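Okay, so here's just one chain, in structure tokens, the form predicted alone.
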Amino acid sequence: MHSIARLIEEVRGIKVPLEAVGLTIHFRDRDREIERFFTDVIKYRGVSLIFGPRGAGKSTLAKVLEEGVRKIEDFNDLVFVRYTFEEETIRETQVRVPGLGLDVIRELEDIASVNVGMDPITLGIKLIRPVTVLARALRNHGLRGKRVIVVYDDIDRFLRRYGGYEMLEAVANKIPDVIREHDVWVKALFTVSDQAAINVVRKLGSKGGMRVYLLWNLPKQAFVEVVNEVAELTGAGDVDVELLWNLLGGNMREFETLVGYGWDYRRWVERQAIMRVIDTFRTYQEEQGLGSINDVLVRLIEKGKAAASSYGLGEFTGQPDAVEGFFNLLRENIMIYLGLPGLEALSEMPSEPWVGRDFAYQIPAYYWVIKAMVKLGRINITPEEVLDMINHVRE
């Protein structure tokens, strides 16, 4: 535990980039997540999965842990190998394994030449190869005392374009066999945001020690500190941090986007929240053959009222547990499912109206958009009407 405390102190001094706006800021408040990571997530070898909203900070956490453990002697037995996935290829490979020869490192880096043009069998073999190469190297180089964590970072973004979620199931299914065959300590860790990926991986159950963990957006106080730091760096004045919390809920990716809009809340609400929900409803309308997009809202209100009454939630206002991710809201990552069997929370969940028991909105702006649509009885709403919903609650 003492070593974990030192690591937490170390990562607090790390600066992380806000790439969309060209700034670097201090890494903040993931103490609970880091402690749980070392006492639970990597307690055993095998396969685990960290799940959470897009932009919650899964990739950032992996990066700072990799950097932090290299600076503390007590973690000399722990090595991170991280693969970062873009839409069409693995962009980069971080390989730092003391004791391995250049031939092994070059082989690991060569594995990164993955693209969507590969057939499923070749792609699956490529994704399993890092664990195979590392397990063999640990055994052959007398490094059984090392613990290696292979991070497949945001792999679902790659597979979503490829359409190969079943490939993820096959890869996660095979990796435990490779680890047992070589009898070394390797942990394959998948970070994902896409609900479709979760639906596939959860079929694996406990095979190979597969466990699923939830990492949420930044807690409120840490988010407020980030907002204030970025406001000072950008010279922004009169920043309404309470409003930003009610729009973003601590989601750093969307915060970067909003800052990139010149802190224009209304423009961000229109383009990133209202349009995203409307596009999701329009896709549902087309798939269901409905006459108009407003027919989707009618269905949502009918379904929501019945569910809210059944679950004792009172008047239906778009509560996540009454909406339940229907109308493509779950599929398009507007909402997220929290009721997965065996799901363990790395983060402390906020007590807010956009977070329910079994479902939540990935960012609160989606909740306020749907609430405005439900209250006003129409799809075509304005940013001002969404902000009025928030202000009415705050007053």
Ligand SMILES: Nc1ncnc2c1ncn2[C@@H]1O[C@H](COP(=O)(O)OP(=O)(O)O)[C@@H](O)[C@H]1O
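What you are looking at is a predicted structure, and each value in this text was computed from that prediction instead of being measured. Start at 1 with the first residue shown and count on from there.
There is another form of this protein, the form predicted in complex with this ligand, and it is not shown here; the text below is about that form.
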Sole residue of 70, 26, 331, 32 within 4.5 Å of this ligand in the predicted bound form, by heavy atom:
26
Contact with this ligand in the predicted bound form for residue 56, defined as at least one heavy atom pair within 4.5 Å: yes or no?
yes
Does residue 381 reach this ligand in the predicted bound form, with heavy atoms at most 4.5 Å apart?
no
Even though this ligand is not shown here, does residue 252 get within 4.5 Å of it in the predicted bound form, heavy atoms only?
yes
Residue contact check: residue 386 to this ligand in the predicted bound form, 4.5 Å heavy atom:
no
Please name which of the stretches 74-82, 282-290, 300-308, 252-260 has residues with heavy atoms lying within 4.5 Å of this ligand in the predicted bound form.
252-260
Quick one: 295, 317 and 374 and this ligand in the predicted bound form, is every residue within 4.5 Å by at least one heavy atom?
no
For the stretch 225-246, return the residues whose heavy atoms include at least one within 4.5 Å of this ligand in the predicted bound form, in the order they occur.
226
